[in-house]
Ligand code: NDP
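Before any questions on binding or motion, here is one chain by itself as structure tokens, the form predicted on its own.
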């Protein structure tokens, strides 16, 4: 047995044998070697986990929770190095990104929820009504592979802070880092049944969670197609659903922007995590007066990205998560009819690598500009006026994120017109306490901060 084999599930505060002996191999996408195995959970395992979460709910809902979350943060922070290494191995995230984002961001989010749990419950009255906020109940959390610990913590920490208990299904492609959270939870003394983990596939474990009659809420992050299936499964029992789905975000560079900075940051955003980021600015919209210069800058920046071993400090782009994901992304590149402005380059013989790719003169209605590719592919589109830029940016079934560059007031005015859940103006930094979520087919509900906490609460009016 390798050090990355995890033969048990975590249910009711104990490591238990799964109902089936089938396992799932976890691959290193940079080398195509198997790192280890996790259980292929079943609906019977989900039944046990939900029962444990239900049994623990009443006591956890009425318990002081801040101290437990604070200890969990301390225990998880002590594992930051292991987190970065594990995500580097199972996802292929370059070391710098693995440390700063894959390990650093979930710790910041967990810290924010420990602090929120320490705040006294707000008292509010409307006329003769006392307004109470109560935990929604048992939460089924289904998380993706691209930010495997951050997406887990964004759901689990918020649900726990609200007083909910959780049944978690991490992605079968990157499940290993979730076990580090469980190890930290045991060390922190999280009560039995508050956090339960069942590994497995979406069609089996994910479907069992989404359709389970004793799961009060399903929080899902992933593709829009799977989000629809989760919604249908939960709708049969009128269960609450929160969805964080796909994106096709626009980065609008107005003619009075700091062009070199806007292009450099825009390329970096589009290629973050090898482009496997739902908020990636994959459409760069540039005013025609600076268009040719922007295209040249973007191509030069992209061609300067080093592709290779995630544990090499010089690497900017690691592999994609799987062979299927690599083939999907290369399919978009091969079908594209726009002008490719980045060069070909040799790639490692092993691993699921794709070269950073920039296309210019992209038709705003084409597949490149409309579909979420989820790889290191950037489309550059010209515009002639602010109104045209807004129209192109909003010409999408998604609405998750975006950027605007220009003089402050003008950029802010454009940002307000974008139909998207969050917009960065002139490189504004990510705020883990601000609401995160999308418009249109990018989702329902919000994560992070007090808005994320509210998703896991019910509101009650008591008339006096």
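Here the structure is a predicted model, which means the values were calculated and not measured. Numbering follows the first chain given and starts at 1.
Another form exists, predicted in complex with this ligand; not displayed. Remarks below refer to it.
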Decide if the three candidate residues 301, 359 and 381 all line this ligand in the predicted complex, where lining means a heavy atom within 4.5 Å.
no
So in the predicted complex, is this ligand close enough to residue 271 to count as touching (4.5 Å, heavy atoms)?
no
If we define contact as a non-hydrogen atom of the residue within 4.5 angstroms of the partner, is residue 318 a contact of this ligand in the predicted complex?
no
With the partner left out here, check for me: in the predicted complex, does some heavy atom of residue 365 sit within 4.5 Å of this ligand?
no
Does any heavy atom of residue 172 come within 4.5 Å of a heavy atom of this ligand in the predicted complex?
yes
Which of these residues, 330, 223, 394, 370, gets a heavy atom within 4.5 Å of this ligand in the predicted complex?
223
This ligand isn't shown here, but in the predicted complex which of 196, 151, 249, 219 has a heavy atom within 4.5 Å of it?
151
Taking 4.5 angstroms as the heavy atom distance cut-off, pick the stretch from 96-104, 179-187, 198-206, 288-296 that is near this ligand in the predicted complex.
198-206
Heavy atoms within 4.5 Å of this ligand in the predicted complex is the criterion; list the residues of 144-164 that meet it.
144, 145, 146, 151
